[in-house]
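Shown below, as structure tokens, is a lone chain in the form predicted on its own; questions about how it binds or moves come after it.
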């Protein structure tokens, strides 16, 4: 595939790259998930500068605080942010909550909730996953019992990503016990500071933070219900389509690869630069090809979304598939090239590349966020290849067999 960008788009790319280059310090650690207070404060300041430049929600319609960027313009920004290794504190508000409100929110909800997100004044958590409801989103058990002009929420969420203190919890709850289960869920935007909500941090291998969230008879006004009652599952499926677009993921991998190539040119082993090793060159070439394939998949998704009025909705998205498929193999290949030094942690005296590969390897031990790789393959099989859905009875039997096997093990 060959494609190009207009003069305006190339100018925009240059301006965005110069912005991040001038604002990020030399010792900035791209894509770091270890968000201490100092890093969090810096990211908040950088976010405020991006808001003033119009780089925060540029792809949103102007009436919602955006700059009216085209989808291609937004893709350029995503790509440059990925290359810089920047992730905004309210990434989920920008990419999930805001777009969902535009689609299903009431006019009152749009006026109340969207402007603060666009101004960078909020942090939202996507609180969907539960101990028994991850890939099986229909199995959500967080109860929401109607009581007058409110709902009372009781239950638990787990593995909820986020290091910053949230203002809102974008969550699914069960409002009706019904068969099939997915017809009894409702979507809420819950104030995170309501009485009865408790957070328990879950540190991860990669240095990031997940959270357990407990709801103990939390009273939530009906004004925070999004969309239609008992139609939350269908709303959530729309949310996942926003979540799985990965235009900037390939550029993150490209930067890591460029840094590794520079390391291989400068570092000697047995008296020769690593780059002169045929196996190293072959590995790097393979990684470069895969990064470009992933980049093209991301741009195809961006283009298709831009042309959706003409060609209709795209039935599947390969960008997230490749992001999950190659994340762990790329990390292993890169650490294998460096050898035992790649295992040194950030801050160690002899650590190469500021410890980025060691962190990258640990982060890729779990790629569940936004849907497991197995779920992504099921979506591609059904939507891309037109294969039939697995019968519900077979899915249930397989699930029970897996549970039985894990208990016996």
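As the structure is a computational prediction, the values presented were derived from the model and not from experiment. By rigid core we mean the largest C-alpha set that fits within 1.5 Å across both forms. Numbering follows the first chain given and starts at 1.
From this point on, the text means the form predicted in complex with a small molecule, which you will not see here.
Participant: Work out which of 381, 67, 44, 369 lies within 4.5 Å of the small molecule in the model of the complex, going by heavy atoms.
Facilitator: Exactly one residue meets the criterion: 369.
Participant: So which of 88, 83, 113, 159 gets a non-hydrogen atom within 4.5 Å of the small molecule in the model of the complex?
Facilitator: Only one listed residue qualifies here, and that residue is 159.
Participant: Quick one: 129, 395 and 399 and the small molecule in the model of the complex, is every residue within 4.5 Å by at least one heavy atom?
Facilitator: Heavy-atom distance to the small molecule in the model of the complex: all three under 4.5 Å.
Participant: Do residue 134 and the small molecule share at least one heavy atom pair within 4.5 Å in the model of the complex?
Facilitator: Residue 134 belongs to the contact set for the small molecule.
Participant: Residue 403 versus the small molecule, in the model of the complex: is there a non-hydrogen atom within 4.5 Å?
Facilitator: Within the cut-off, so yes.
Participant: Using the partner position in the model of the complex, report whether residue 74 sits within 4.5 Å of the small molecule, counting heavy atoms only.
Facilitator: Contact with the small molecule, no.
Participant: Might residue 210 be said to contact the small molecule in the model of the complex, defining contact as any heavy atom within 4.5 Å?
Facilitator: The answer is yes: residue 210 has a heavy atom within 4.5 Å of the small molecule.
Participant: So which stretch, 337-345, 351-359, 371-379, 59-67, is the one near the small molecule in the model of the complex (non-hydrogen atoms, 4.5 Å)?
Facilitator: Going by heavy atoms within 4.5 Å, the stretch is 371-379.
Participant: Fitting the rigid core first, would the Cα of residue 24 be found 2 Å or more away between this form and the one not shown?
Facilitator: Not so; residue 24 is displaced by less than 2 Å.
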